[in-house]
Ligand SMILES: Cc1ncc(COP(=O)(O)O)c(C=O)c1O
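Next up: just one chain, as C-alpha cells, the form predicted on its own.
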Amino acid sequence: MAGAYDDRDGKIWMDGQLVEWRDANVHILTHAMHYASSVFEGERCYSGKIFKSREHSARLITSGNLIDFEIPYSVDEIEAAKQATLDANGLTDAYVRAVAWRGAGEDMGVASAKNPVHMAVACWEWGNYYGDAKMKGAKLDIAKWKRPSPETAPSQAKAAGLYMIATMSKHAAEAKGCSDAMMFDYRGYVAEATGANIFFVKDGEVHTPDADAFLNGITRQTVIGMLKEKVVTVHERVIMPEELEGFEQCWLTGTAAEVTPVGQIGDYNFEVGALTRDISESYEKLVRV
C-alpha cells in the first residue's frame, strides 16, 4: 500500500462498520479537529498477532477517561474491531491505529459533553520507523520545546493534543538532517524523543528517565522487564542534561520505533554497543513469539 493516507484501497473500521478507506471521513465541525479531544493507540501486528494488544486497548479507554470522555466500546469490542480490520485488509504484519474522538454534535465550543464519541481502526504495512537507523543508530536533535508538567496536561494519556510540540520538534530536527529530537521536561530533565522513550547505558547498567511527565510506554515497560530478566541493572531516575556526555550507548523504544539504536544526540555521540544490539534482537524475537 502506498500513496497519501486518504487515498488508498482497503477498509477502515468506524463505529462498528467496515467502510471503504476513502469513505472514512468526519465532518469539518468535529470537535476533535478544533479542540484536540482525541486519543489514539499505535500497535504492531506480527505474524497475525498484535503485540500487547489488550494492554493497548485498555490504555485507549484510560486515555479517553483522562481527557474526560468515555469510549463506547469495551476492551473485548476494541479487540474484535482490530481483528476485523486486519482480516478485511488481508494483513498479518501491519501497523494498527485505533483512535477515538469527540465528534460533531450540539456543542461547538470548548465544552463538548453533548457530542458523541466515535472510534475507528485502520491498519497498513509500515517498515522501520527510523529507516536504516536500526543498523547504524539514529541522529537526534535537541528540541527547544519541553514536555509539560502533569499539572498542565494529562501526561499519561496518549492524547492527540500532547503531540503538537512533538510534531514541531520533529520537523525542526528533520530540517537539520536528523531523524528525531530528544525533549527535556518542564524541569529541564531528560524526558523522551517526540514519539519514543529513551534509554542510556553506562558501565553495563541502564538508565532511563522517570516516566512522571510523559507517557510510560508499553514498549518501555516491556524492555525494562526484559533487561531485568537478563539481570541488567535498570535505574529509572532523574537524568540531567550534563549526564549525556558520560553515557556510552543509547536507544529509543516505542511501538513504531521498536528498539532503535541512537548514534548521536546534538553534539553527543554513542556507540551501537553489545547491550543495545542484544536488547534490540531480543525484542524482535519476543514480538514474534
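All residue numbers refer to positions in the sequence shown, first residue = 1. Quick caveat, the model's predicted, so the values are computed rather than measured.
If you look for the form predicted in complex with the named molecule, you will not find it shown, but the lines that follow are about it.
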Identify, from the list 249, 255, 53, 30, the residue with a heavy atom within 4.5 Å of the named molecule in the predicted complex.
-> 255
Report yes if any heavy atom of residue 196 sits within 4.5 Å of a heavy atom of the named molecule in the predicted complex; otherwise report no.
-> yes
The named molecule contact in the predicted complex: residue 215, any heavy atom under 4.5 Å = yes
Contact flag, residue 158 vs the named molecule in the predicted complex, heavy atom cut 4.5 Å = yes
Is residue 139 one of the residues lying within 4.5 Å of the named molecule in the predicted complex, judged by heavy atom distances?
-> no
So which stretch, 30 to 38, 56 to 64, 233 to 241, 259 to 267, is the one near the named molecule in the predicted complex (non-hydrogen atoms, 4.5 Å)?
-> 56 to 64
